[in-house]
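Consider the single chain below, provided in structure tokens and representing the form predicted alone.
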Amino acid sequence: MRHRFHALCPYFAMFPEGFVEKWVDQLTRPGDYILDPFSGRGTTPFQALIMGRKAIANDINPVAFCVTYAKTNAPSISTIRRRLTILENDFQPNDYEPARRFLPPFFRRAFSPPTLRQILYLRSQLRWKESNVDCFIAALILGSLHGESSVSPSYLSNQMPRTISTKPEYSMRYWQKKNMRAPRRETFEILRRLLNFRYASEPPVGRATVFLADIRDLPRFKQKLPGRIACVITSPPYFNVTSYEEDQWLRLWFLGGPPFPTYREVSKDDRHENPTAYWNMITDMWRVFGLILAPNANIVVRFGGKGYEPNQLIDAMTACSVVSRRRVRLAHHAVSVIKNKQTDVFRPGSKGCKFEVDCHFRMG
């Protein structure tokens, strides 16, 4: 049975755990360290732990960090239940009415007043960077903060996609046109139900090391890296495909960000539209690999880009590896056509990335 932590939080542009499982099985042995420097929702480090490996993860996006850390450093279910009880008992709804009224109109249409007061309270109380218990609760909320509420009672918002946060103006127009009202949800009740569902699968024994940082800063943490990294399995941002900062703006708000979408404030590498800037970022990735990876490390990269043919992507990725100052050899590559694009859910007919390329490199 699929581990229920894998779907803790729906996430745009994610690769399946089967992809990780295949490469972990082929390239590593139990006890090896596996790194994902663009961890997203944490599929690589979590699957590595399930398979008896040790995991290191990094992402500059706070949403990715929160979800990855929650899945790979899960506390006992009893400690989460106690924390939820304390939070619920201390909640005073009237204390959060001024904050609710101060928010932009989007929020008052996206969430019912009682639900929004609960969300604001939890936003102010959860210390997700400091506590693995609070981090897990925050990750549960991120997974239910928005979604297809007409289909599932686990989503807190008015009707929205579950993988991305649509823009405020677009959302308001859609809700008004469809005459949609935000459902009243009891947040604590939903959290307890989701908690029981996720913990039907036993958390892995191991724990991952997770950084909230730019990939370029990883060499600075070399002393904190717990061991020799034998393998990388990762998927860097695709060229000119999606903006995680823009598309995850509502989840970023819950984690302490502003109540509106921002652009390249969290990461300057978010959806590079300039080829030179994009490949400079990939070059920096290889420079970091050259500094922190063990001899004879394996590197598996899944990536893509709008406007590129597969052979162009493979050639460019291989050329960038030269800056690692290590002997790098392309051992295998595969190309797959993206048939059911995730963007079709909320941007029907959009012209996105047509191909994904998997490259396996061996580093001397």
Ligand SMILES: C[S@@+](CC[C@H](N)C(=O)[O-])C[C@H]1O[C@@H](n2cnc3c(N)ncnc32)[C@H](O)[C@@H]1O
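Start at 1 and count along the sequence shown; that's the residue number. Given the structure is predicted, the values throughout are model-derived calculations rather than measurements.
Beyond the structure shown, there is the form predicted together with the ligand, which is absent from this document and is the topic of what follows.
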property	result
Ile215, heavy atom within 4.5 angstroms of the ligand in the predicted complex	yes
Partner contact for Phe355 in the predicted complex: the ligand, 4.5 angstroms, heavy atom	no
Phe136 within 4.5 Å of the ligand in the predicted complex, heavy atoms	no
4.5 Å heavy atom contact, Ser235 to the ligand in the predicted complex	yes
Contact assignment for the ligand in the predicted complex, among Ser267, Thr79, Asn73, Ser131, heavy atom within 4.5 Å	Ser267
Partner-facing stretch of 291-299, 40-48, 319-327, 23-31, counted where any non-hydrogen atom is within 4.5 angstroms of the ligand in the predicted complex	40-48
Neighbours of the ligand in the predicted complex among 57-89 [non-hydrogen atom within 4.5 angstroms]	Asn58, Asp59, Ile60, Asn61, Ala64
